[in-house]
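Next comes just one chain, in structure tokens: the form predicted alone.
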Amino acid sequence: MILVIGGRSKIGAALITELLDRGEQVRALVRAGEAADGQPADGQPAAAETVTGDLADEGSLVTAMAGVEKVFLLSSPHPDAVGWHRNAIDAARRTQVQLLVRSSILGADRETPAEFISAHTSCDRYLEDSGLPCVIVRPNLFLQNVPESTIGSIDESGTFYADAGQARISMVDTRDVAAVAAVALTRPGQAGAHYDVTGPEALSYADVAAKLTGALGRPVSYADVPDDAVRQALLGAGLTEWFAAALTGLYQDYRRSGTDGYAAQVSDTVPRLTGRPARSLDDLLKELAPLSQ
């Protein structure tokens, strides 16, 4: 039995499908309110067993892990995420889980003031020091952010705004992250592995604008703006102070990475583990076509 924590996320939902397709028994952790309607979220297959629990409650995690051999651990960004992940790791130790696969972030093997990355670094080190057999999966920024956030933010002049500077980022499709996690959970001999998961190319936001110009059939341009302007826009969109600050901190880190730093590195993890090429932004935009209509 494999317990998926974070099954309502894009990665988690795709992972559940991958595992069920492989004939694995899957249990998905859901919060009490989420379990009430009995409906799968974000494509979650109905064949996955569900169990109620909360990352803030270690006892509920111990109960959820009863009879579980392997655990996939992912959570949404939150000020308490480090504590949540420690709860899950401690619960896995108490229940003698045989393998824990944790979704981290690219760059979490280095020191940085960026909140998102430093929190993942802390969690990764706690897991490595726990003595649990584990795999750490470190995906880069998600390609899905482009259709879900960037396209919707294009103004009447055809411009979208971000604080990424000239940084190049090897963005990755969430489904490829799930495919790598599925291999880590089902292929023997994975304990101790660290997988950096990226797309097939490093893109600047100017590159993204060029690709959107082709996909949308109209000129699209990228404007680099100050962090404070982005932060104010995020707050205006309803994000919390913590989340807005964490996002701007992440993009500060991307700018420090520049055109050829850690965020621009392209790994062979997806093709090496899955046997197929990593999906590109062009691939994703073609799936969503015709975007211009």
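One-based numbering along the sequence shown. The structure displayed is predicted, hence computed values, not measured ones.
This next part talks about the form predicted together with a small molecule, which is not shown.
A.B. asks: Answer for Ala28 alone: is it within 4.5 Å of the small molecule in the predicted complex, judged on heavy atom distances?
C.D. replies: Answer no; every heavy atom of Ala28 is more than 4.5 Å from the small molecule in the predicted complex.
A.B. asks: With a 4.5 Å heavy atom cut-off, would you call Thr198 a contact of the small molecule in the predicted complex?
C.D. replies: No.
A.B. asks: Counting only non-hydrogen atoms and a 4.5 angstroms cut-off, does Phe142 reach the small molecule in the predicted complex?
C.D. replies: Yes.
A.B. asks: With the partner left out of view, is Ser104 within 4.5 angstroms of the small molecule in the predicted complex by any non-hydrogen atom?
C.D. replies: Close contact exists here: in the predicted complex, Ser104 approaches the small molecule to within 4.5 Å, heavy atoms only.
A.B. asks: Among 128-136, 142-150, 91-99, 210-218, which stretch has residues whose heavy atoms lie within 4.5 Å of the small molecule in the predicted complex?
C.D. replies: Result of the contact check: 142-150.
A.B. asks: Using heavy atoms only and a 4.5 Å cut-off, determine which of Gly83, Gly158, Gly165, Pro77 is in contact with the small molecule in the predicted complex.
C.D. replies: Result of the distance check: Pro77.
A.B. asks: Would Ile169, Gly249 and Gln252 all count as contacting the small molecule in the predicted complex, using a 4.5 Å heavy atom cut-off?
C.D. replies: The answer is no; none of Ile169, Gly249 and Gln252 reaches the small molecule.
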